[in-house]
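As a starting point, one isolated chain is supplied in structure tokens, in the form predicted alone.
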Amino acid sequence: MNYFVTGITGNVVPVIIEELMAKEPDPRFYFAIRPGSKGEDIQSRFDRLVRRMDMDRASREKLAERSRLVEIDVNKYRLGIDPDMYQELIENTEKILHGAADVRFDQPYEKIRIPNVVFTEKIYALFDAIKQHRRTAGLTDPTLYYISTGYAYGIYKKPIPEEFPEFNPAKPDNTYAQTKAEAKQFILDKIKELNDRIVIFEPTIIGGSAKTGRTRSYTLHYLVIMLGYLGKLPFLTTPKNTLDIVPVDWVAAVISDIMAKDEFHQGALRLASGEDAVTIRYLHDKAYDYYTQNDPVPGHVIPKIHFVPRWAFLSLVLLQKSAYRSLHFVTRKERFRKLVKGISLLEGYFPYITGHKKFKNAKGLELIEKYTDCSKAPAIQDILDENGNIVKKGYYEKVMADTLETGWGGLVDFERLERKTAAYKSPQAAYSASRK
């Protein structure tokens, strides 16, 4: 089976490829890759990615042998792909996995629309050319697998529906959700008009692996937990709201099963915890207990977060942002500007925390049961550890263990935190530091 794949440098797609390598007897891949922002060529980016993949050496070598790299530029005609390569893709590709997206929540609409909407439109143009070629050659139609998001529905006070082929999004939470909704509507229109073989996947918040707790991306709930650990998040809100977190390996297992089994060719599949989603209060309490018991920094005190009404929380955040902006205006110190930017980034996450979001997933679970070897997301179910022993609700402990092992992917310097903690604990050191 020949695949054209976007998003291989992201968080989810590499895990899907790991799964496909184990499930497909003869998978071959064209990987769409852009040069790195600092001039890194596509081969170097791919080689570095393969070295990090959770496969043995033989499997990595096999993947490298079965892969062709396709340099792309989203802003150019036909993605800037060499004409000969574009024709080769049309003639050889059987399935497309479009998993690339800009998942930042603080980007201007005009900027984020290019990777999330324009890219999707150009991927569909390639898919349509492949479809026409295969029909002329008397071959089966290709299938396009598109990774959307459950949050494309925006601000929903009621449980977010599964309504394929209809789609009625509300006001978007941010520009990311807005562009993902626009791209999904474009895809749905093609299904309705042309009866195309397109499968839309709608994951919610993708967290670390259920097997290991590891993740490639420390965003959203990871950043909120990190700020709590560092004592920089004294207030939070809406403890009864839920965060619908699903493990990345479960998402990849479902998607790869759908692709490898080749039985489900049209529809939308919600990948959510649904009624099993974790509350903010539960996640806070679990994190507080875990980090206080396993803190690698001696003497570090983790304060408990105080829950306040939503309006008070948002007002405090706005007040803090205004204060840092004023300090930057007066002092011109760069750190205050960075603090304002950091708060702006967090504000993009707030709708996922302060908004009451519940996801329906009954139809998705029926499709998963019918077309895959998976069951529902193992986020708060009993799961197995590396020795095959049952761990009661062990998922979040694994996720938190990973944050301590990696320092939230390098965001937290434990040695520096230990020095600061020691200075704070020593009155003489603290006095000396204050005089400086």
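Computed from a predicted structure; not experimentally measured. When you see a residue number, it is the position in the sequence shown, counting from 1.
One more form of this protein, predicted together with a small molecule, exists but is not displayed; see below.
**Q** Report the stretch among 224 to 232, 153 to 161, 99 to 107, 318 to 326 that approaches the small molecule in the predicted complex to within 4.5 Å, counting heavy atoms only.
**A** Among the candidates, contact is made by 99 to 107.
**Q** In the predicted complex, does Val74 have a heavy atom within 4.5 Å of the small molecule?
**A** Because a heavy atom of Val74 falls inside 4.5 Å of the small molecule in the predicted complex, the answer is yes.
**Q** So, in the predicted complex, is Arg270 in contact with the small molecule at a 4.5 angstroms heavy atom limit?
**A** It does not: once the small molecule is placed as it appears in the predicted complex, Arg270 has no heavy atom within 4.5 Å of it.
**Q** Residue-level contact is defined here as any heavy atom of the residue lying within 4.5 Å of the small molecule in the predicted complex; does Lys376 satisfy this criterion?
**A** Lys376 lies outside the contact set for the small molecule.
**Q** Does the small molecule come within 4.5 Å of any heavy atom of Val12 in the predicted complex?
**A** Because a heavy atom of Val12 falls inside 4.5 Å of the small molecule in the predicted complex, the answer is yes.
**Q** Would you check whether the small molecule, in the predicted complex, lies within 4.5 angstroms of a non-hydrogen atom from each of Trp250, Tyr282 and Val399?
**A** Negative, none of the three is within 4.5 Å.
**Q** Only one of Tyr145, Tyr218, Phe119, Phe359 has a non-hydrogen atom within 4.5 angstroms of the small molecule in the predicted complex; which is it?
**A** For this set of options, the contacting one is Phe119.
**Q** Though the small molecule is not shown, can you say which of Ala277, Val297, Leu126, Ile205 has a heavy atom within 4.5 Å of it in the predicted complex?
**A** In short, Ile205.
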